[in-house]
Structure formats: structure tokens, C-alpha cells
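Starting off, we have a lone chain in the form predicted alone, written out as C-alpha cells.
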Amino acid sequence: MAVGIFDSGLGGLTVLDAVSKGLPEVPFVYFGDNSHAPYGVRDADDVYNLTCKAVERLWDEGCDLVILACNTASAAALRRMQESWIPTDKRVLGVFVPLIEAMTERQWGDNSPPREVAVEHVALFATPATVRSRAFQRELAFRAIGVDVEAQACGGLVDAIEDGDMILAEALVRSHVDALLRKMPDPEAAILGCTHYPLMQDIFQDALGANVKVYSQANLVADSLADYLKRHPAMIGTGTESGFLTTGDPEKVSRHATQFLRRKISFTQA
């Protein structure tokens, strides 16, 4: 009955932490493609091929449902995977839609026509690949009209967080926020469009100011997954064991993951 959680690196652990707390009875298998991270600087075909390979590995672990806890993969690969690659007995879900539905105050699964919403000016902080894909704007357009989105590619931030260099990470956050505010001086909401970024949420909030509502993904994805499994219980796969897989050096990744979540994490080779 395992569910797979995939990310290019460690950022998806923020999603894993939230879904594990919300669904303690469900085993989760986490796959980090650390040897190829970060995905945010790769082209769309590369991201697609790497994501498909990782998802197949999680299917081998008995995870019929896989969550792409990687915004770059969700943005650059998910739609293509859903249109032409995923078998009918499997599901792969992304992390954008729960975030957009929360921001636009729509119920999960609400497929009614787009409408005006409370926010008009939204800042999006994401990896270069996610920004290039314009996937956030596309998904938003299905649900809302009249919303101006200003995207800021946060180059270097994922690397700094993965390396544990929080001094550099804070400097980069403040630099990227400054760049965004020069383009959009008064955003009403800000989207942290990468699962690494919640670790820096307080810094984003401080740099943006108290009047900007900052949205991050982990808890929203956890709530959406619980709702999805309630409506689709058959999508819980045959796997029974939780675990952590990596394409990188398991000892190094385990050490960084333990620092990342502040609890003991042990990865094995994928």
C-alpha cells in the first residue's frame, strides 16, 4: 500500500514530512535523483527522461501512485507523461494544482470555468526550468482570470540549500526577492514554487514584508493527497515498506537529509 514521493534532490523531503504526518498509516517510498540534481538547469527533454526513469523505479517498489514532489518535474514533464506514457493502472500527480487551488480558494477537484479571484498580483519564485515552462501560469489560467504573475528564476538557491550553506541561501533569497520587487513592487501573494524553498520561508516572508501572503506546498499537497486517496483508495499500491532511495552517494545523501529534516534518515542505493 505504498505511495511514491519523487524529487531530484532533498527538497521533496518537506512534502514527505507533511504527508507522513497526515497519513501515518500509509508507507511512503522516497526517491531522490541526487546524482542528476538540480533539475532546474536542465532542458525539458532531459527532465522528462530522468523523471520517467525515476517513476518506473518507484513502480518497481509497489508504488502505483507517485507524487512528483519536484516543481521542475511537475512543470516540464508531468503533462507529457500523462498524455502519452503513464499506464491506465498507475497515477502520477504533481504539486502545482493544490497550491493554485488554495490560492484561488477553489475546492480540490473543482473543474468549473475560470473566474475572478481575490488576488491580482502574484510573485512566483521557482527554478529556471519551472519559470521557462510557464506551467504555473497555464494551470492558473484554467482556474482564474485577471491574475498578473511575475516570475523570478532563483538560480543557485537549490544548490545552496542542498549543500547546507544557509548563509549563501539567505543572501540569494534576498537578492531574488529584490529583483522581483523591482518588476512587481506590490505583490499580494507569493508562491514558493520549489519544494526546497519552504526551508527559507521565513526569509522570503521577511524580505517580501508582512503584507504579502506566502504560499508553500508541503501541507497543501498533504491535504490534497489525503483527499485523493479517500476518493481513489485503489491507487494505494502493493508495497508495504517505507524507504529512501537515491541515485547519489547514500552516505552523503543520508547525512544531508538528516540535517535537512533534523531527524535520522538513511538512504540506500536505487
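No experiment lies behind these values; they were computed from the predicted model shown. In case it trips you up, residue 1 is the first one in the sequence shown, and so on.
There is another form of the same protein, the form predicted together with a small molecule; it is not shown, and what comes next is about it.
Visitor: Go through 113-121, 71-79, 168-176, 143-151 and give me the stretch that gets within 4.5 Å of the small molecule in the predicted complex, heavy atoms only.
Guide: Selected range: 71-79.
Visitor: Any chance Y39 has a heavy atom within 4.5 Å of the small molecule in the predicted complex?
Guide: Y39 belongs to the contact set for the small molecule.
Visitor: Applying a 4.5 Å heavy atom distance criterion, does C194 contact the small molecule in the predicted complex?
Guide: Answer yes; at least one heavy atom of C194 falls within 4.5 Å of the small molecule in the predicted complex.
Visitor: At the 4.5 Å heavy atom threshold, is V158 in contact with the small molecule in the predicted complex?
Guide: Heavy-atom contact with the small molecule at 4.5 Å: present for V158.
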